[in-house]
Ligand SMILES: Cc1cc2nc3c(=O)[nH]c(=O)nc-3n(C[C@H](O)[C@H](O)[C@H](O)COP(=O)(O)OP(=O)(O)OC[C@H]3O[C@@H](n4cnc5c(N)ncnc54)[C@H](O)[C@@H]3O)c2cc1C
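Here's a solo chain for you in structure tokens, the form predicted on its own.
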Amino acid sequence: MKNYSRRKFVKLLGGTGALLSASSLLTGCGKAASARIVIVGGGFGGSTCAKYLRRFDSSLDITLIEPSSRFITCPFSNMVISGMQTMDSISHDYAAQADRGVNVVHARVQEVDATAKKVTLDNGKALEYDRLVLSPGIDFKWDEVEGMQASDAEIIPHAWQGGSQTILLRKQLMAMSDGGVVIVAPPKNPFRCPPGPYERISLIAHYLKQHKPKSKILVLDAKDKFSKQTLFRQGWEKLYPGMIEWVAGSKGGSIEEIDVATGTLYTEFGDTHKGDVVNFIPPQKAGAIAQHAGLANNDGWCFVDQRTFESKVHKDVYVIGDASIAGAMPKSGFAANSQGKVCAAAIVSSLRGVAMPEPSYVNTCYSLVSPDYGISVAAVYRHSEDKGIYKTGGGVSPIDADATYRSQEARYARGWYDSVTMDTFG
């Protein structure tokens, strides 16, 4: 990698760089009076924040609200879609949170009252808070997709939230005849996990090569370039020659309308494409509760103080993960994990009336082009008042790497997943 050695990144991935030793600074302070912290969303951001809040201050009364009893990750869901892993392997429960004294409530938040400092759940209960953390993930801008609405995802899956959509896309691929056409349509930026659609394309190609080698993948992209593009396309040419056709947005890849019943996509250039399996990934925005709470801007995302992740709309409300506008950081599970730690440090510092440790943020993303062919990108970020969160260093996999190197990165990818999920849910 450029600028940073793999050893340095391994340290960062373990979380030691995320807060510049904030753990020792905070846990060494005197105890604050117990405060009520409510966290909405039990994914990478919310679960990490709960864990580190407890680590930084054991006196806090922490409630984690998450509708599902098991969280299914989007990272590695592409491996489930391609048949390389099972759903159980990407499903995580909340037993560790309960063991450390976090009150886990499986419900959905219906309303946030930032003035009264309380949230109302779908079971009618209301919870008061001193600090509120929202980590709601994403929702979709269905009103920007002519001919398609939310319920149509049961016919044309997006599979951009782990769970039943993951299974649906997997079943559709298995049912497709050899010689069929799979259409994958990624959205414009910003969206969750910028390299995700291209790993999915790669692993669907791996599945087709093994089981349905006469089939093709057509990528109708709303963008003209994408994350790790050179690395992905090099892998496609090497492993799946002639199977994948990528069409840039300015060349006819941008979708204007969808006929859900027939699986037909119409581009803004007037071209028509029909798929046997269609994976349309809609444009995105912050999760529904952030919208209902009035925290999102006109583009659908939430402005925050990028040093602390406190909302710029409501005091004592914090937004982390995909829903937030976090400067140069991408919308990824690992970024949310890093932000959860920073947010926890910010909250504890605020409650104690002490200066917050200077934060550092990190993101890394491994992608599989095949089970034995991995590529990666990683970056370290800092914050300044004039630039917000900005990148200070990082790198990507080398273009000229040999098969041994790609195989090692594929193994690192699995280790990365185990590490970040253990840090988040363990």
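All figures in this text were calculated on a predicted structure; none of them were measured in a lab. A residue's number is simply how far along the shown sequence it sits, counting from 1.
If you look for the form predicted together with the named molecule, you will not find it shown, but the lines that follow are about it.
The candidate stretches are 53-61, 66-74, 381-389, 395-403, and the one lying within 4.5 Å of the named molecule in the predicted bound form by heavy atoms is 66-74. Interface membership of His92, defined by any non-hydrogen atom within 4.5 Å of the named molecule in the predicted bound form, is ruled out. Interface residue remark: Lys212 is not counted as part of the site for the named molecule in the predicted bound form, having no heavy atom within 4.5 Å.
The named molecule in the predicted bound form comes within 4.5 Å of a heavy atom belonging to Ala336. Residue contact with the named molecule in the predicted bound form: Ala107 places a heavy atom within 4.5 Å of it. Contact with the named molecule in the predicted bound form, defined as a heavy atom within 4.5 Å, holds for exactly one of Arg131, Arg200, Lys341, Lys285, namely Arg200.
Residue in contact with the named molecule in the predicted bound form (any heavy atom within 4.5 Å), chosen from Arg192, Arg307, His314, Lys117: Arg192. In the predicted bound form, Ile289 is the single residue of 277-294 with at least one heavy atom within 4.5 Å of the named molecule.
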